[in-house]
Ligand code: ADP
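Just the one chain here, the form predicted alone, laid out as structure tokens.
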């Protein structure tokens, strides 16, 4: 009788333990969250379905990118490199440097992170000076512009000339999007949209169970960023996209409009009819760099470049008199649904 009682008690305890284990191991319900704020001189919006509010992890990823790549952050790795301090670079800088090398080679030098001295000289960097440069001044600066003057050795970036300075602004936002998306993946988020200043990484669907919808902004001369007309809407459940344009950052010098996009090969701000370039690729970092290269090259050369790249497509908006024309790479409609 006593043995029977113990058997019954044992069965009951096993049932309770089994119920507890089932409750603990059962997948926790996922909710949709939205984190917003300012970073890198722009705004971000992160929407995701996850087990909890991940704002702290999201902000930490963006801060890590700022600590590595911002030339406006005096304590960042890239600022220390620019001051010729001895710096052992981290994985973030290595990843960005390797991608910068790749895009630099395939754009014939149109994308180049050693462009910082030119950006500063034209008044778009951290010096904030605005001046017309003479040919002699430009020639002097161009003598140490180019990624061929820079190499990676044992976690050290080696410069051929101490005057070389780096500007990763044209790739950092895209890289930050990738880093945030990686953090969301690690946290078990099946659906998310990462938007940092218009650079996008997305996966899955929105809270209504539909694919994400994102807009390509119609380029307008609008330094205040108050005009947000949509040129086209993309519907997607998996995408990394970046847009670059000359229609918001500029100033006038002697009646001449100076764009913030500097051609590192000539030293001059670009002056052509391409208003904006939207690029999709395997990563937002890659799309960001290629979009910048497009803005340097112009429409015709951009299409030629993108057509040589696998899993890359571009959507270009070109000024044509008083109107605008759209030029797309041949694979755009296959890769992107509008």
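Residue numbers count along the first chain shown, from 1. Remember, predicted model here, so these are calculated numbers, not experimental data.
Keep in mind the form predicted together with adenosine-5'-diphosphate (ADP) is missing from the figure; the text below concerns it.
Visitor: Of these, 243, 191, 79, 236, which has a heavy atom no more than 4.5 Å from adenosine-5'-diphosphate (ADP) in the predicted complex?
Guide: It is 243.
Visitor: Taking 4.5 Å between heavy atoms as the contact cutoff, choose which of 71, 216, 183, 93 touches adenosine-5'-diphosphate (ADP) in the predicted complex.
Guide: Contact with adenosine-5'-diphosphate (ADP) in the predicted complex is made by 71 alone.
Visitor: With a 4.5 Å heavy atom cut-off, would you call residue 175 a contact of adenosine-5'-diphosphate (ADP) in the predicted complex?
Guide: No, residue 175 stays farther than 4.5 Å from adenosine-5'-diphosphate (ADP) in the predicted complex.
Visitor: Taking heavy atoms and a 4.5 Å cut-off, does residue 201 contact adenosine-5'-diphosphate (ADP) in the predicted complex?
Guide: Residue 201: no contact with adenosine-5'-diphosphate (ADP) in the predicted complex.
Visitor: Given that adenosine-5'-diphosphate (ADP) is not shown alongside this chain, does residue 296 nevertheless sit within 4.5 Å of it in the predicted complex, heavy atom to heavy atom?
Guide: The answer is yes: residue 296 has a heavy atom within 4.5 Å of adenosine-5'-diphosphate (ADP).
Visitor: Flag residue 260 as yes or no: does it have a non-hydrogen atom within 4.5 angstroms of any non-hydrogen atom of adenosine-5'-diphosphate (ADP) in the predicted complex?
Guide: Looking in the predicted complex, residue contacts with adenosine-5'-diphosphate (ADP) include residue 260, since a heavy atom lies within 4.5 Å.
Visitor: So if I measure heavy atom distances to adenosine-5'-diphosphate (ADP) in the predicted complex, which of the stretches 104-112, 134-142, 151-159, 175-183 falls within 4.5 Å?
Guide: Among the listed stretches, the partner-contacting one is 104-112.
Visitor: With the partner left out here, which residues of 160-191 have a non-hydrogen atom within 4.5 Å of adenosine-5'-diphosphate (ADP) in the predicted complex?
Guide: Residues within 4.5 Å: 167, 169, 170, 173.
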